[in-house]
Structures are given as C-alpha cells and as structure tokens.
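As a starting point, one isolated chain is supplied in structure tokens, in the form predicted alone.
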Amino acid sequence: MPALPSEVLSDKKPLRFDSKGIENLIRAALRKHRTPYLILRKSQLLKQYRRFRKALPEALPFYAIKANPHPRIIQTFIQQGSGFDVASAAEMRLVLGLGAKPEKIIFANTIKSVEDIIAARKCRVNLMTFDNEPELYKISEHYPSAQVLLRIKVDNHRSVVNLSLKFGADAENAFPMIRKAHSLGLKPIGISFHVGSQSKNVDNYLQALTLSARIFKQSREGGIPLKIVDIGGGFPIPHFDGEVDINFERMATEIQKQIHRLFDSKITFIAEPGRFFAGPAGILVTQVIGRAFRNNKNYYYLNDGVYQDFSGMVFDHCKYEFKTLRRGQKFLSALAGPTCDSFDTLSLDAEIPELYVNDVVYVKNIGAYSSASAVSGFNGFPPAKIIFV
C-alpha cells in the first residue's frame, strides 16, 4: 500500500474553504512542503458524498476509483458505506486491501483479461459488466457463477467525453445477449449504461432509463427478470468560479422522477460517481520557475504540466481556472509546464497579474483525473506530492 502523506494542518483547527481560507491553506502548506503539491480535502469528499445521497437517494454510490485512487479517499468512502467501481484486478485488490467488502465492488470493465476474471473469482467479487458475446464465453469459463450486468450504448450528447464510442451493446441486441448469458449458466441481473463524462444534459440519463425500462420489460416477459440498474457516472462539476450551466440537484430531481415513473420500487439502482466525488476536493499548487516574453505576451513556466497533474487537460479534456496569490492588474498571459515539449502548454490566454519566479499559481476542482493519470517521471519531473487534510 502506498505511504500516506502527512497532514498540513492539525485536525483541531477548523479549515475554511472560501477564497481566503483556501489561500491560507496554500500558504500554510508552503511553509512545510515544496511545490508542486495537490491538496485533497476530506471535508469536500464528505460534502460531495452527502450531496449525492441527498439528491439521488435511490442510487447507491459505487465510487469510480479511476478518478483518484488515493488510499485516503478510498478509506473515506469505505467509512461512509460506499461501494466501488473498479476496472482491473489491481484496482480491485487496492480497495479490498483498504477494507472494502467484495459485495461492495462492481468490476465495471466490459473487456476483461482472463487473469483479471480469475482474480475476481478468487477475491469473490462476483458483480461485473459485459457488452459483447465473446466476453460471456470468457466469464462463463473462468467465473461460471458470476452476476453480470449488460452495458448498453446510450446517447452521450453534450458530454465532454463520449463513452459510447468504445463501450455498450445496441439496445435491440440486449435481450438476446441476456438470454445468451443465462444459457451459459451466468446470472444476468441488470442493465448498465454511461451517458459520458461531465454530462450537462439530463436528457441523456432520461433516455437511457427509458431504454433500460424497455429491456427490463422484455426480459421479464422472456422469463429472465432483472433487478439492478447501474446509471453510471458523468455527473458534472464546475471547474470555474461562477459557472451557471451546472446544477446537479436539478438534474438529480429529473432522474429521480424518471426512476419512479418507469421502474418498480423493488428495483435496485446504483451509480458510479468519480469526478463528482473527487474533483472538488483537489487544489493543485504550483510555482513559477521561469518567465519569458514571446508572441507579444508574458510566458510563465510552472513546475507542473500536462505530463504531470494537468494530465486531465489531455486525457479528460478538462479546462481549469488559473489563480494566483499575487494581486494586481491582470494581463493576457501564457502558462506552460516544465518539460522540453511545446505540447506541454497549459493556456495561451490566462488572465493573471504579472508574475515572478517562485510566485504561486493554483487550480481548484482538480482532484479527479489529474494525479491519477500523471506520468511518473517524464523528462525527470515527478507528479505533485499529495497532501490530505
């Protein structure tokens, strides 16, 4: 298990997370730690978890640990009774090693290696997804008692990352595949879908639930009743102050209404929030290591870039709001990472005050898909140290 980092501040001191509180937290950490560092706040993890449970009480959360698999995050959600969405045997062993129960894990990868299927069997993780017939033959051979959910292809309109390009069976083929799973001795028990990452379009969820209800009806009439709907993740968070086009609670209300309208009260619903839980918890703190004037603007070079904790800009298509501790008139500026690669450019149009070497540039809402997808040491630059508070 990875070593756990030290706390920045004593638990006896209440932490404020308004703008002033965040800047005080950054300054306190600067006295103890070298940048770059990623502050993960337990209070924000708990806030997001409780928001989700209040807004979507029908859906049991299974935290998608790919968003950020830090042990302290996983332990926090274990303590809250959360389940976990894993995509590999390595992720499975991580959450089990931290105390999660096998029945609280869904192996939500529709294409699994034989080795990972065998590992799931040995770990007694028997809930998994599939979206194609060849996968069923693999599972039936190596884990014949597994419970399986069919992942269907659904609309990802207006989602930042389309997750139906690579995954999901066509809805018209759903019941034949469920019947095939049953004939192979597996236990088909439900439907899974994902509307895409950072989805701001609630209609994607509503349409997917309608498709799922039709498949439930067809399966019931075909003698194979289903009992679980996995509505996936994709729940959006703001990355900039003052964003007005994201309202999770309003989306959740519409999802709840659709669930009550279409499904029997005995049906179990689960969800796979990742970014929604981990994203708001993270604050990435970097410093200026060099500056230049080129292309008629100031260029500032930071000690973290796209190969490190800004990796979400590449792999997750994220856009972040860059903030500084320095005050003053703002100018259109460029920000770049430390590597010898022009691709390692963070922004060409950041509006920030004039900065100097060692000045701080920080980003909020970066707890997901940042450190999790960072390269370990491209050009010799390590990812940020993680500080849990």
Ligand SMILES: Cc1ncc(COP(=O)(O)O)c(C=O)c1O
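These figures come from a predicted structure and were not determined experimentally. Start at 1 with the first residue shown and count on from there.
Below, we refer to the form predicted in complex with this ligand, which is not included among the displayed structures.
**Student:** Even though the partner isn't displayed, in the model of the complex is Asp85 close enough to this ligand, meaning a heavy atom within 4.5 Å?
**Tutor:** Output for Asp85 is yes: heavy atoms within 4.5 Å of this ligand.
**Student:** Can you tell me if Arg151 lies within 4.5 angstroms of this ligand in the model of the complex, counting non-hydrogen atoms only?
**Tutor:** Answer yes; at least one heavy atom of Arg151 falls within 4.5 Å of this ligand in the model of the complex.
**Student:** Is there a non-hydrogen atom of Gly305 within 4.5 angstroms of a non-hydrogen atom of this ligand in the model of the complex?
**Tutor:** No, Gly305 sits far enough from this ligand in the model of the complex that none of its heavy atoms falls within 4.5 Å.
**Student:** Does any part of Gly233 reach within 4.5 Å of this ligand in the model of the complex? Heavy atoms only, please.
**Tutor:** Contact with this ligand, yes.
**Student:** Please state whether all three residues Lys66, Ser197 and Pro273 have a non-hydrogen atom within 4.5 angstroms of this ligand in the model of the complex.
**Tutor:** Spot residues vs this ligand: full contact, yes.
**Student:** In the model of the complex, which of 234-242, 297-305, 113-121, 258-266 comes within 4.5 Å of this ligand (heavy atoms)?
**Tutor:** That would be 234-242.
**Student:** Within 4.5 Å, heavy atoms only, which of Ile73, Ala181, Ala108, Val285 is in contact with this ligand in the model of the complex?
**Tutor:** Contact residue from the list: Ala108.
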